[in-house]
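We begin with a single chain expressed as structure tokens, specifically the form predicted on its own.
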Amino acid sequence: MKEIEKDSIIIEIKDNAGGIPEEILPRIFEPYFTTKDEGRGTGLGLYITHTIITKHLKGKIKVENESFEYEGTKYVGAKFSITLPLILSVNDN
């Protein structure tokens, strides 16, 4: 789902995988944080995503767990919301 709000666009990405455990939710954008077994991930994917969105695109990214209904079935999953400015100032780096 996407929507335009004032001078920005909001992109929402959801899954139906049960959500992210609340105790680790605040840490998922930290570098090298992973819940995968050793050798199965570096813990850099969401950190790099966060860095690109916030530092290079001057946007925001947040995550929360959400219950929702789709085609009559109820689901629980993670929802990532990405807010990006539609126009960057010439002076922005």
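Just count from 1 along the sequence shown to find any residue number. Treat the numbers as computed from the prediction; the structure is a model and nothing was measured.
Heads up, the form predicted together with a small molecule isn't pictured, but that's what we're talking about next.
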{"property": "4.5 angstroms heavy atom contact with the small molecule in the predicted bound form for I52", "result": "no"}
{"property": "Partner proximity in the predicted bound form: E12 to the small molecule, non-hydrogen atom cutoff 4.5 Å", "result": "no"}
{"property": "Distance check, K36 to the small molecule in the predicted bound form, heavy atom within 4.5 Å", "result": "yes"}
{"property": "The small molecule contact at I82 in the predicted bound form, heavy atom, 4.5 Å", "result": "no"}
